[in-house]
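There is one chain below, alone, in structure tokens, taken in the form predicted on its own.
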């Protein structure tokens, strides 16, 4: 038993070390200015998604207004930054996210007292009304919210400390990475506390938790307050990154975005929101630069995840690792066959995706972009949407890829008898 605990302890330290190494090495792999900006947005989104998962994944509280705490924390942070710039507040730039966290904590204490009086659908509806209320207030009280133009700031002031001025994007990224690592460790530690444990019990069976002496409402309230603090930290990081905060930061769209990202990543796993935040930023920032139909792809990915992979990207990753481990135990030949099966499945999925993307982009060109002509360039080809051949090609690719994927997937599951959990993720 002790050897088992020692092994798990070493594995845990190895995972955290690898996590820190990835955060440190990411700018070395992607040194471009645009890439650093995207990495900074991913880091901010990771903190936000992890804070949201404290409510949904660990507490079963579906919130439609979590952006309230992040956005209000961002406003507090940008005002703190402006006070520091004016010399009225002795606050270093590196601690501005802490001001955002305290702002989120304060509003979590206020709004959480009301919203956590109900659970389930009642809680969700209260948070939906709350985000609309705060968004409307953002336009009614320009003194704090800055009106439609928002509140801007300047993160570069005073003399550089150890040569760090937070002017270059690389310095901002490492500040975000440091806060991301600290917040991740703190939120993981929360899951190991008695409050984190009883939160899972409240999520699964609140009546039984109350029977053994715990107040479910107080547990939900304390969790929401802590979650609001970390959401406020993410808002403070966003304020430093963009140097502007507007009403969009407290809007329903931002709350919906973190909900989608958490589901795509996998709310049943602690590190799932990290993957979901990366995918969410990629779909909203990178994909939107390639195609104007990016929201359609985002919605389709979310629907496919809910229908076929409720465990999200994290569940799929764990299932894949389980399959590879199973193949490895069978020897090198069995592992090679396993990889060949996975390669075939991936090729079939890519073919189906290519067919769907062709159809979507041609339909988009015919409907909303028809003023620019009938030709559209995709996958290195120029296709005329007036001709019949491109449509037949897209339909054939989609049908062939989908049919091959379904057949291969069924045979694959039967052949390898996926381990417990993996079948649920892949089914």
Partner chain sequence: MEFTLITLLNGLSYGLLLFMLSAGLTLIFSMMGVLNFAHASFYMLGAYFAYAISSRIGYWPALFIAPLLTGLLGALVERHALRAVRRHGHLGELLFTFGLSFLLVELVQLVWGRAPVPYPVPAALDRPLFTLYSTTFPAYRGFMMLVALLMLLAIYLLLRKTRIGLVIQAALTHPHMVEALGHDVPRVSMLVFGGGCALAGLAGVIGGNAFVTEPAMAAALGSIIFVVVVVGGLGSLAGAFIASLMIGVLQTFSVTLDFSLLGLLGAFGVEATPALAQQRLLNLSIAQLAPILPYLLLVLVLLLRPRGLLGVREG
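Positions refer to the first chain, counted from 1. Every value quoted in this text rests on a predicted model; they were computed, and no experiment measured them.
What follows is about the form predicted together with its partner chain, which we do not show.
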Review point. Hey, in the predicted complex, does residue 367 get a heavy atom within 4.5 angstroms of its partner chain?
Key: yes
Point to revise | Partner contact for residue 117 in the predicted complex: its partner chain, 4.5 angstroms, heavy atom | key: yes
Point to revise | Proximity of residue 34 to its partner chain in the predicted complex, heavy atoms at 4.5 Å | key: no
Practice item. Look up in the predicted complex whether residue 332 has a non-hydrogen atom within 4.5 angstroms of its partner chain, and give yes or no. Key: no
Practice item. Look at the stretches 23 to 31, 357 to 365, 43 to 51, 388 to 396 and give the one with heavy atoms within 4.5 Å of its partner chain in the predicted complex. Key: 357 to 365
Practice item. Report whether all of 340, 401 and 408 sit within 4.5 Å of its partner chain in the predicted complex, measuring from non-hydrogen atoms. Key: no
Exercise for review: Could you tell me which one of 92, 299, 147, 167 places a heavy atom within 4.5 Å of its partner chain in the predicted complex?
Suggested key: 299
Revision key, fill the gap. Only hit among 86, 212, 189, 303 for heavy atom within 4.5 Å of its partner chain in the predicted complex is 303
Practice item. Output the sequence-ordered list of residues from 263 to 285 with at least one heavy atom within 4.5 Å of its partner chain in the predicted complex. Key: 263, 267
